[in-house]
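Single chain ahead, by itself, as structure tokens, in the form predicted alone.
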């Protein structure tokens, strides 16, 4: 009896509490790994940035906003991919859906004479429908997401080629036939005194809406529950099939929106637009700390991951690093992020 009473203070004071405290610190470090990575890469970019008359080129406002503009399309795609990956799925079709949306935007306005808002609505609906069909095949037919979306990648690319005749559709602006409304050209412009790129604002809005949606909705709890243990979620009454289908619909919506932004920035829609964008989007999600096995991750982390990769691209380009070496370095960063996920303790 006396031994037991003597052990209790030791357990509560150091034997148990200390390991628990260390575990909490480790869990916190892993939870915010994307932000630590982002800060590290940012500081490294400042240190290794070229200078012009003492000015750090990386820190110029033009350069920083160019980074955000450059990651906007991948960032929007990655936000949609986060929903799919949280349920333990994958969507390889988003790059092709972007190409299809870019072609659709150009053809509908230039060749079919539709207005901006009608075009945007039709393209977004097409993206949602494409995602919902893929989600239905995954949820109701039981086909693996990898297979379904690999087929979707081919189908969307084929539709884009058929729709455009295999050619790039140029977008010119004006009021006459064969010209798009000037309003659409704003996607390539900047606002707030010519500083902030419009695509960066769209990315920010998408990210904020996704963060709020995941933070305060029952749907988000279902997403994490399915990713954590689909069988247990189903037994608990979670509408698994519906949640899965909606997740793929969200990914389709984001890919289509990125395609619209892409067409607006380049003033053209090409069936080859968006090739390999799905890999960059998945990389941003993984670097952002979302587990490819599902059930763990966040949109905030995805945003940090997209910015981290954007800064890495930028500083390597500013230092004129060989493009082959750039690919190697980015690949190593992605592998390191994935390895950290494997080391993360399960809670």
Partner chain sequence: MRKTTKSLIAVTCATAAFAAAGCGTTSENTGQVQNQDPTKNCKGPNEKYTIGMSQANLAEPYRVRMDDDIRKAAEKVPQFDVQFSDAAKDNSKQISDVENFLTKQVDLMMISPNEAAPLTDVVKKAYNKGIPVVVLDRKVDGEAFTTYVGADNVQIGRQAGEYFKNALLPDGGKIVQIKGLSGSTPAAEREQGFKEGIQGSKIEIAATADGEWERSVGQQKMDALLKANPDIKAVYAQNDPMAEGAYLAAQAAGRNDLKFVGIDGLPIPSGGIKAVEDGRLQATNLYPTGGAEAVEAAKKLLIDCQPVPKTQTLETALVTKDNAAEVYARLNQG
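Numbering follows the first chain given and starts at 1. Given the structure is predicted, the values throughout are model-derived calculations rather than measurements.
The form predicted together with its partner chain exists for this protein as well; it is not shown, and the discussion that follows is about that form.
(message) Even though the partner isn't displayed, in the predicted bound form is residue 314 close enough to its partner chain, meaning a heavy atom within 4.5 Å?
(response) The answer is yes: residue 314 has a heavy atom within 4.5 Å of its partner chain.
(message) How about residue 266 - does it come within 4.5 Å of its partner chain in the predicted bound form, if we only consider non-hydrogen atoms?
(response) Yes, residue 266 is a contact residue.
(message) Given that its partner chain is not shown alongside this chain, does residue 122 nevertheless sit within 4.5 Å of it in the predicted bound form, heavy atom to heavy atom?
(response) Residue 122 lies outside the contact set for its partner chain.
(request) Determine whether any heavy atom of residue 177 comes within 4.5 Å of a heavy atom of its partner chain in the predicted bound form, and answer yes or no. (result) No, residue 177 stays farther than 4.5 Å from its partner chain in the predicted bound form.
(message) If the criterion is a non-hydrogen atom within 4.5 angstroms, does every one of 65, 195 and 323 touch its partner chain in the predicted bound form?
(response) Heavy-atom distance to its partner chain in the predicted bound form: all three under 4.5 Å.
(request) Could you spot which one of 220, 168, 229, 241 gets a heavy atom to within 4.5 Å of its partner chain in the predicted bound form? (result) Among 220, 168, 229, 241, a heavy atom within 4.5 Å of its partner chain in the predicted bound form occurs only for 168.
(request) Find the only residue in 143, 155, 211, 132 having a heavy atom within 4.5 Å of its partner chain in the predicted bound form. (result) It is 211 that has a heavy atom within 4.5 Å of the partner.
(request) Sort through 86-94, 221-229, 99-107, 69-77 and report the only stretch with a non-hydrogen atom within 4.5 Å of its partner chain in the predicted bound form. (result) The contacting stretch here is 69-77.
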